[in-house]
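Listed next as structure tokens is one chain, alone, in the form predicted alone.
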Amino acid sequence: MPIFQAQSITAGYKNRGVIKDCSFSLDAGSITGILGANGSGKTTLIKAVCGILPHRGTCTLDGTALETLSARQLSQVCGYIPQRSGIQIDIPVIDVVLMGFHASLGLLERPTESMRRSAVGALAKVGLGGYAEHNYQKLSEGQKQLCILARTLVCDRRLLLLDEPESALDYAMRHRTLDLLRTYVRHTGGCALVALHDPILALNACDRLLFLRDGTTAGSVSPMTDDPAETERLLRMIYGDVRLLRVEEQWVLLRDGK
């Protein structure tokens, strides 16, 4: 059942339009991956939904238009993970995770001990147990991404928006990250919209795939249940001459002739 709907989203930068009339919905407890070539609008769409970019159209979560919410209200229901965190100062890892609670704290109010315990637990879940007092700036790029994931998962946000979270992670952690997201959305009844660079990861980890081409929605499929021929057609639209194969309950993607 959809809990989020985007209707005719159009956005861009200054005088350059990037996405045009994108419409889609997200079901409760599901992960939807966005696939598209470089420049197709994946990041722009994510930023428009989370309110970073001005846009036309409407994003509705649980019947409420996100455009009507203040920045503080939006951060209480929506978690966003960019490709890079933007944090440039020396700060303990635990304090980065505790930032996830800022929207629920009053002015000058400090995180509670319960919040600190939750933050430590979130770090353990993403594989950073024991890193709470480490300097965030000393982490690898992959570890920084996992720390920001912990910051997002520490609160029960209904909508998670992730921009290529796998880009700095190794193979095992890419799949663990999507597994953590799946556990989170199914436990909370929320949903996740994830821009992905790796089509194999998207095919095997997402409940639904949204394909972008030239800034518009070219189609969407549920890779585990829909006609593989339609999935392959959409993949070819982006990646050229590829073939979709099912091997031991996993999708693989091959170049034609390989």
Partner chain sequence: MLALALCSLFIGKYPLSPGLLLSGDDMQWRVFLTLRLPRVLVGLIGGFALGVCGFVFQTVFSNPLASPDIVGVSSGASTGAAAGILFFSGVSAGAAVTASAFVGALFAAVTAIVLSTLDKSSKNSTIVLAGIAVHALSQTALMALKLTADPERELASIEYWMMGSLNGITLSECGGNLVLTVLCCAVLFFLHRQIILLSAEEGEARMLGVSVGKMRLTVLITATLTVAAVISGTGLISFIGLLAPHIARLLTGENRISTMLLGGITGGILLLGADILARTAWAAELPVSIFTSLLGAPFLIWLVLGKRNARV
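Positions refer to the first chain, counted from 1. Keep in mind that this is a model prediction, so the values were computed, not measured.
The same protein has a further form, the form predicted in complex with the partner chain, not shown here; the description that follows concerns it.
- For the three marked residues, R182, G189 and I200, no heavy atom of any sits within 4.5 Å of the partner chain in the model of the complex.
- In the model of the complex, at least one heavy atom of C78 sits within 4.5 Å of the partner chain.
- Contact check for D95: a heavy atom falls within 4.5 Å of the partner chain in the model of the complex.
- For the chain shown alone, I148 is a contact residue for the partner chain in the model of the complex, at least one non-hydrogen atom being within 4.5 angstroms.
- Remark: L74 counts among the residues lining the partner chain in the model of the complex, judged by a heavy atom distance of 4.5 Å or less.
- This chain lacks the partner; the member of D170, E133, E141, D156 within 4.5 angstroms of the partner chain in the model of the complex by a non-hydrogen atom is E133.
- This chain lacks the partner; the member of C50, C59, L209, A205 within 4.5 angstroms of the partner chain in the model of the complex by a non-hydrogen atom is C50.
- Contacts of stretch 82-103 with the partner chain in the model of the complex, defined by any heavy atom lying within 4.5 Å, are made by P82, S85, G86, I87, Q88, I89, D90, I91, P92, I94, D95, M99, G100, H102, A103, listed in sequence order.
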